[in-house]
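In the block that follows, a single chain appears as structure tokens, in the form predicted on its own.
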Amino acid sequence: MDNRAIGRCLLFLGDVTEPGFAKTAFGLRDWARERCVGELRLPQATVSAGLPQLTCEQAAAQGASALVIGVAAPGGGIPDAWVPALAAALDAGLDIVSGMHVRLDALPALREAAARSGRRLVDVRTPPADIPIATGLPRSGRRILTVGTDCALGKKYTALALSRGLAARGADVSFRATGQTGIMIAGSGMPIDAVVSDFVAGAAEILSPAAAPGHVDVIEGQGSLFHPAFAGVSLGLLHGSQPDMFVVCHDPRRDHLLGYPASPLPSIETVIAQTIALGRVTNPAIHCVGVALNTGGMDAAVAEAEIAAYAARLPYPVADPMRGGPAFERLLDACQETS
């Protein structure tokens, strides 16, 4: 996927009432703000990305070329209630860009509107054809993978922040997106959760190919090795990406897996030990270089105390990448160590 596939865009928030379902909109707002002209919400929506409220016609007049579906409905489908607004966007001259599991052209009303208007239906969550099975062979270059104690707690933001921080230091670095939002931000990547399970590790190998010895790929993690539903994709990504280093992402406010109250959250130490044990299958030198805490919503003093407490407990740099500061600089230092 190329950045030009989206260009400037209007973010569609549908009728969402749960902020957790609007990760795509928030991600584009936070990491590609210059491309977001505004947002479009249905009357039932209570969640906003804080952007100007625009109609499709107003967005097109301001240079938008696409409406991006910025929310993920449960099950990855497109509710019937959204279809009239999406069809109207096509008629207003905007492409539709989606990261949902269901394909846009599977909906007759959208297929007909696209044909009528001459606009495109762009499905980001479509892996390339003929992905090979993994070889497991070592390859040149260095790789950092973000892993998590749970899902939806900052693996993408951490990978983006590490990439940006290392680039600011002059490093030769690439962000490697593995989810629909990351792909929309970066303009390229691999929708790893849409790949048939036998080929996930192979997909990760082609996502981060052999590179110059000094080049660093920062790979966006997915799921959690301890998640009862999503551990499979996490393991395939771990084996295929062959990370030399990994950063554990954690939300200190959680005590159980999101949406799974009967599943306690694993400790950071347990995640580190399991990631090393499983990662050694394809990279015997894998090691942890730090911990990224998600302290969003905490005031500065509470967040600083939380980071300090974890740093005192763990033999690794601990930081909230979104807050930056000396703690994050120490995490970047660890990412640049060669042994």
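Nothing here was measured: the structure is a model prediction, and the numbers come from that model. So that there is no doubt, residue numbering starts at 1 and follows the sequence shown.
Keep in mind the form predicted together with a further copy of the same chain is missing from the figure; the text below concerns it.
Every residue in the set A134, D193 and H239 has a non-hydrogen atom no more than 4.5 Å from a further copy of the same chain in the predicted bound form. Though a further copy of the same chain is absent from this view, in the predicted bound form it lies within 4.5 Å of a heavy atom of just one residue from A152, I206, A229, V83, which is A229. Contact with a further copy of the same chain in the predicted bound form, defined as a heavy atom within 4.5 Å, holds for exactly one of I268, V233, A113, L166, namely V233.
Checking 220 to 228, 182 to 190, 141 to 149, 206 to 214 against a further copy of the same chain in the predicted bound form, the stretch whose residues place heavy atoms within 4.5 Å of it is 220 to 228.
Using a 4.5 Å cutoff between non-hydrogen atoms, S65 does not count as a contact of a further copy of the same chain in the predicted bound form. In the predicted bound form, a further copy of the same chain sits within 4.5 Å of a heavy atom belonging to Q274. In the predicted bound form, a further copy of the same chain sits within 4.5 Å of a heavy atom of D198. In the predicted bound form, a further copy of the same chain lies farther than 4.5 Å from every heavy atom of T295.
Taking a 4.5 Å heavy atom cutoff to a further copy of the same chain in the predicted bound form, the contacting residues in 273 to 292 are Q274, A277, L278, V281, T282.
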